[in-house]
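Next up is one chain by itself, shown in structure tokens, the form predicted on its own.
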Amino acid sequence: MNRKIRLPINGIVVFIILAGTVFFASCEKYSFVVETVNPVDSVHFKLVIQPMLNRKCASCHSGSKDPDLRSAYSYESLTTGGYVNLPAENSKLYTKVISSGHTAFTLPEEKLKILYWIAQGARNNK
């Protein structure tokens, strides 16, 4: 009474195909469109830089930590506090943004916008 149970090969193949289809169909694919930043385009402080500072920086730099990056104070705090100067790559603001302590808070294209804004003269434009 020693019987061997043989599983039909076709059933196993079908099971594997169905399991693989369910497994791979359940995976979500995310695609991110990386924003490109043109160094020739004007970077506007009030339209680009300040909203970024509000989202990314103002929670920590809200008056108790220098520079004060709240909307009413940020431009003056950055320009009179020595945070923006040329060459832009060496400015205090840009070097802080790319430093290991701050790099996780901004995306690469946001860092470029800050760099280009400083290189364009760090104007308080609209």
Ligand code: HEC
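Predicted model, so just to flag it, every value in this text is computed and none were measured. Don't overthink the numbering: it's just position in the shown sequence, from 1.
Although not depicted, the form predicted in complex with the named molecule is the subject of the following passage.
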4.5 angstroms heavy atom contact with the named molecule in the model of the complex for Glu76 = no
How about Ser59: is it within 4.5 Å of the named molecule in the model of the complex, going by heavy atoms?
-> yes
Consider Lys65 of the chain shown here, and say whether it contacts the named molecule in the model of the complex, taking contact as heavy atoms within 4.5 Å.
-> yes
Contact of Lys96 with the named molecule in the model of the complex (heavy atom, 4.5 Å) = yes
Any residue of 95-118 that, in the model of the complex, places a heavy atom within 4.5 Å of the named molecule = Lys96, Val97, His102, Phe105, Thr106
